[in-house]
Structure formats: C-alpha cells, structure tokens
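One chain comes next, on its own, written out as structure tokens in the form predicted on its own.
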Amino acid sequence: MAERILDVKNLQAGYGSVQILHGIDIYVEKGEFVTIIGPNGCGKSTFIKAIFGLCTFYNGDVEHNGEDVAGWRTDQLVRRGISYVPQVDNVFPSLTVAENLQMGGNRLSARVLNERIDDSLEMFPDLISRMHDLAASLSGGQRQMLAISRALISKPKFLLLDEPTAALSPLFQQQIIDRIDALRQSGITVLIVEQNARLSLSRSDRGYVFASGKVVHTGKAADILEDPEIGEYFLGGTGE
C-alpha cells in the first residue's frame, strides 16, 4: 500500500460561524500530483486553508504522515515539511525579489539560506536577472514563480497551491504548471486547487471535484478529463 502523505476524513471547516466544508474526504499519496476542481465558491480554497490552519476547524480527521495535525499552527506545519502558496497576496511587493526569498528562511543561517535560494532559482531561473528588482515590478507569472520559490526555501516535502495560474497569460499558465510538475518529479508531493482544470488535470495523477462544500466525484485525472458530464460543467466543454 502506498504511503499517504495526507489523509482527510469528514473535514468540517469554515470561517467563524459560517461553515463552508461539509464532510470532506481526501487522501494524497507520496509523490502524487492531485488537483481539486469545482465551481467558484464550492470550498476548494477553504479546504487548502483548513489543511494549513488558516480557517476555523470544526470537526474531522486531518493526518499528515499518519499523525493528526488538525488545528495545528502554520509554523508547526511548515516544520513538518508542508508549504502553502496562496492565490493572492503571496509576495511582498515593496521588497526586492532577493528580500522576498530571504523572508522564506529568516531563521536559517546565512550559508544555508543562500544555498536554498540558489536551489530554488534552479527551478525558476527567470528570477535570477530580477533579484534586485521590487516584486511589485514583476509580471503576474513572475510573481507566482517568486511565491513558489519562497515556499521552496523551507525544503517542503508537501506543497499546497491555491490557483497558481489564476489571471495569467496562457504562456505563463503552461510554464507554471510545467514547473510544478517538475517539482513533483523532484520528489515533492503536490496538492493543487486550480480553475484551469484541464491544464492541471493533464499533469495530475488523480483529481477531486467539489460542489457546495462536498466532494461529488473523484478518480484518475485522465478519467475525469474524459468524463463528458464533468467536462460540460467544469472543463469548458463536453470532454468528448
């Protein structure tokens, strides 16, 4: 049996007294690329935030590598090897690219931090020439590269990504997904929420479909892509 990095059962969560998730069951195995799709407002982003301790946890089981981490603080989760890249406000625009990367490892020694920055730039070499530029001057795609690069500074084994291609040009969308897939191939397990469902599922092992705060379908990514009913509602076509 494959090792489960994440095993979620009957997760109920939301914001304060407003419940968004109504009994989510999801698992992610070591080395997988898993995509969550669904209409706007269905709870996809809330689910990622619930895993990373950024919304109100009501009930359920959240296990990471077999240990219950439900309700843990984000710093505790980072130390366990989990990193999260939000959809918006994911860089510090008034800081340079270099300073943003340094913020990803401000507790590391200078030597280790510089080594990890170099490692992250190997995955996103587009940023090398922009190191002294303000993050505010970057394009949307470059900002996403910076946000993911900063998340890599902590050497995560499990990466949570919320809409990494949102509002990007088709070229940058493809580049970002390519780089995320390369991270998976390097040994990082990936769970992604993505509006560009067809693009992300084309690189994924499995997928989950959300609606109204619940999982309404799951299966191999290739099967979801070929399902005409899912295609009509979530993939921008019939899927045929």
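This one's a predicted model, so the numbers in the text were calculated from it and none came from an experiment. When you see a residue number, it is the position in the sequence shown, counting from 1.
One more form of this protein, predicted together with a small molecule, exists but is not displayed; see below.
Enquirer: Based on heavy atom distances of at most 4.5 Å to the small molecule in the predicted complex, which listed stretch, 26 to 34, 45 to 53, 200 to 208, 172 to 180, is the contact stretch?
Expert: Only one stretch qualifies here: 45 to 53.
Enquirer: Taking F124, L138 and G141 together, does each of them reach the small molecule in the predicted complex with some heavy atom inside 4.5 Å?
Expert: No.
Enquirer: I'd like to know whether A221 contacts the small molecule in the predicted complex, with contact meaning heavy atoms within 4.5 angstroms.
Expert: Output for A221 is no: heavy atoms all beyond 4.5 Å of the small molecule.
Enquirer: May I ask you to state whether P39 is within 4.5 Å of the small molecule in the predicted complex, using heavy atom distances?
Expert: It does: once the small molecule is placed as it appears in the predicted complex, P39 has a heavy atom within 4.5 Å of it.
Enquirer: Any chance I20 has a heavy atom within 4.5 Å of the small molecule in the predicted complex?
Expert: Yes, I20 lies within 4.5 Å of the small molecule in the predicted complex.
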